[in-house]
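Encoded as structure tokens, the following chain is the form predicted alone, with no partner shown.
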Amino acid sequence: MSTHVTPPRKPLIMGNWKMKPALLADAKTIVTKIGKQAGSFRNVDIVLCPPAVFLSELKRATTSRKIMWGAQDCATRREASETGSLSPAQVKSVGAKYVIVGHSERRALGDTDEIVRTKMDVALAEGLTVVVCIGERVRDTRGDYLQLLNAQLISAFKGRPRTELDRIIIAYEPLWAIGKSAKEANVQPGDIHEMMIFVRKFFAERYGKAIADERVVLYGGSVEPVNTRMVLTQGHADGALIGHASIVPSDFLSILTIANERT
């Protein structure tokens, strides 16, 4: 198969705010600044995933229809006696359309491949679009990390019907690059492009090349304005899952500007 077919779709830029900011007032300020300019990015799809407790308030805080909303995680069941859990039904009820599952930080807290798949199942049943994260802790020279990534993909997609694929997005996030500056992470275009090829090959072997080429594959790992163009052009990613830079309005808007002008 070809190394990559650049899709006609718009780049998807997602902001994963994690546990920041601490105050709702600060979260509203961030959203207001992003929302004022969001409408000018016609060639980009924008999704913000703030702390779940802020979702309803932030959705009301901006009149921008350009911003879509997501949750950072969900429970494995629609409804249950699970103190502190967030069900996909609740995510949907506040107007969010996306949910992230399998993020490395959730996996580090105990989410196994089986749990990630179950979360995917219940979120898809609720009508949400799922962003499933895969990634390796270290990149060895033998290529053993590819076996880990393949296992994560197999668990998430084994037996999964084609009808669900359009509501699943893959986000590759190498753990060794997360939480660092772009310079410290030192991710090369070839590292990202290799994974775009790897993921599409996985789908081509199971669903066919046409379906593989249609998959949306994001990159997440210390994406900042300084390396956004490389990620989207030389890395051939369909978009990015942004961490820290997504709560810095000037940085996030710079990333959106670059994505909007992607050539």
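Position 1 is the first residue in the sequence shown; the rest follow in order. From a predicted model like this one, the values you see are computed outputs, not experimental measurements.
Here the subject shifts to the form predicted in complex with phosphoenolpyruvate, a form of this protein not shown in this document.
Visitor: Any of the heavy atoms of residue 241 lying within 4.5 Å of phosphoenolpyruvate in the model of the complex?
Guide: It does: once phosphoenolpyruvate is placed as it appears in the model of the complex, residue 241 has a heavy atom within 4.5 Å of it.
Visitor: Do residue 103 and phosphoenolpyruvate share at least one heavy atom pair within 4.5 Å in the model of the complex?
Guide: So residue 103 counts as contacting phosphoenolpyruvate.
Visitor: Is residue 227 one of the residues lying within 4.5 Å of phosphoenolpyruvate in the model of the complex, judged by heavy atom distances?
Guide: No, residue 227 sits far enough from phosphoenolpyruvate in the model of the complex that none of its heavy atoms falls within 4.5 Å.
Visitor: Indicate whether phosphoenolpyruvate has at least one heavy atom within 4.5 Å of a heavy atom of residue 95 in the model of the complex.
Guide: No, residue 95 sits far enough from phosphoenolpyruvate in the model of the complex that none of its heavy atoms falls within 4.5 Å.
Visitor: Would phosphoenolpyruvate in the model of the complex be within 4.5 angstroms of a non-hydrogen atom of every residue among 16, 179 and 220?
Guide: So, yes: the whole triplet contacts phosphoenolpyruvate.
Visitor: Mind telling me which stretch in 146-154, 119-127, 169-177, 187-195 gets its heavy atoms within 4.5 Å of phosphoenolpyruvate in the model of the complex?
Guide: The contacting stretch here is 169-177.
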